[in-house]
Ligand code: UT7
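Coming up is one lone chain in structure tokens, specifically the form predicted alone.
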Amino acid sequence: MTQQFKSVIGGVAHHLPDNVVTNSDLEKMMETSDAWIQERTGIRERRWVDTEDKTSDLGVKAVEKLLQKVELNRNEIDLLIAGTLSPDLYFPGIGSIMQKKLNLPNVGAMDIRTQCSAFPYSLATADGLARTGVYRNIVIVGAELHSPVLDKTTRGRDVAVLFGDGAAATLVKAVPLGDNESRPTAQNTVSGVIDTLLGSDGNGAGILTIKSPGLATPGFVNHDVVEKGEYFPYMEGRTVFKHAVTRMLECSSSLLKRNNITAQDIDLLVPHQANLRINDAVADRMKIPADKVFNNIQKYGNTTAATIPLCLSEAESEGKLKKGDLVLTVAFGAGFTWGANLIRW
């Protein structure tokens, strides 16, 4: 009989820049206020790099911390999956750059470009590959360096106040199934990735984006782009808010229904950290109490591809995420893209 495998979360760690930027600090850069930001987003502070670190550097530091935490030799890593919307270069992606910096000779590396939804998509990819047994130790990295490309003037305040820099790394292990051993399900206590549901709607591509540079722009980048500030992130906030609540709720509910459980069976909901009001709305409509939802956007803002694994790392270290817990992660991001994972920790 062919050996069967399950994919298990082997560990998670994160790295954040030391530099803390508070809402009061932003008041000195643009017309805004601590009260205005907290009321609309829940954010009190975020981390912005004040060093020469690139996105790949933040990711490498998160992986190094992961390796120390799980006591894994770097030579045992056989695949690297990187999620980011802020790569060091237009191309190649940060996956191969991190592979070099981590000294992982010839290890496969890929980038997942689904922005805020990178973790659900990356975990789905790692889960599928781990189940084949071809890859045994897959590292997923979410890394973002937003601060250099934010418009830190009053013109850009609606977006600039939201984003922070940071990275997190997750180890996905392929574990052989023993004789008569069941795969993880929502009904048993077997650790591992249970199920994933992904979605997208390209009709929203222009609603949350950086318009230029890009091959859709004449000349890739031009004087008009610079004059209009189209190289800064653009977002239609109210539209994104409505779509995020709707899609995160739909996706989560569909995944639970597919696995024959209800929201009350979930031990911890870990949503993408874009806006505290979005997460509160999703949890409220799913009737999940606040003590079963983990948020840290208050401290770090939106770190895009890093938010969910950063939450998992902190939740575990704080004792709010324990072995055997049934975890639901859910995200919504540019594209539009969305996804949810069901995991037995």
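All of these numbers come straight from a predicted model, not from anything done at the bench. A residue's number is simply how far along the shown sequence it sits, counting from 1.
This protein has a second form, the form predicted together with the named molecule, left out of what is shown; the following refers to that one.
Highlighted residues 66, 168 and 313: none comes within 4.5 Å of the named molecule in the model of the complex, counting any heavy atom. The named molecule in the model of the complex comes within 4.5 Å of no heavy atom belonging to residue 112. Not displayed here, the named molecule is kept clear of residue 232 by more than 4.5 Å at the level of heavy atoms in the model of the complex.
Contact annotation for residue 278: at least one heavy atom lies within 4.5 Å of the named molecule in the model of the complex. Using a 4.5 angstroms threshold between heavy atoms, residue 31 counts as touching the named molecule in the model of the complex.
With the partner left out here, the named molecule still marks one of 100 to 108, 157 to 165, 217 to 225, 257 to 265 in the model of the complex; by a 4.5 Å heavy atom cut-off that stretch is 157 to 165. Checked against the named molecule in the model of the complex, the residues 40, 44, 320, 285 give one hit for a heavy atom within 4.5 Å, which is 40. Interface residue among 80, 208, 193, 197 relative to the named molecule in the model of the complex, by the heavy atom within 4.5 Å criterion: 208. Residues of 228 to 245 that come within 4.5 Å of the named molecule in the model of the complex, judged by any heavy atom, are 235, 237, 238, 240, 241, 244 in sequence order.
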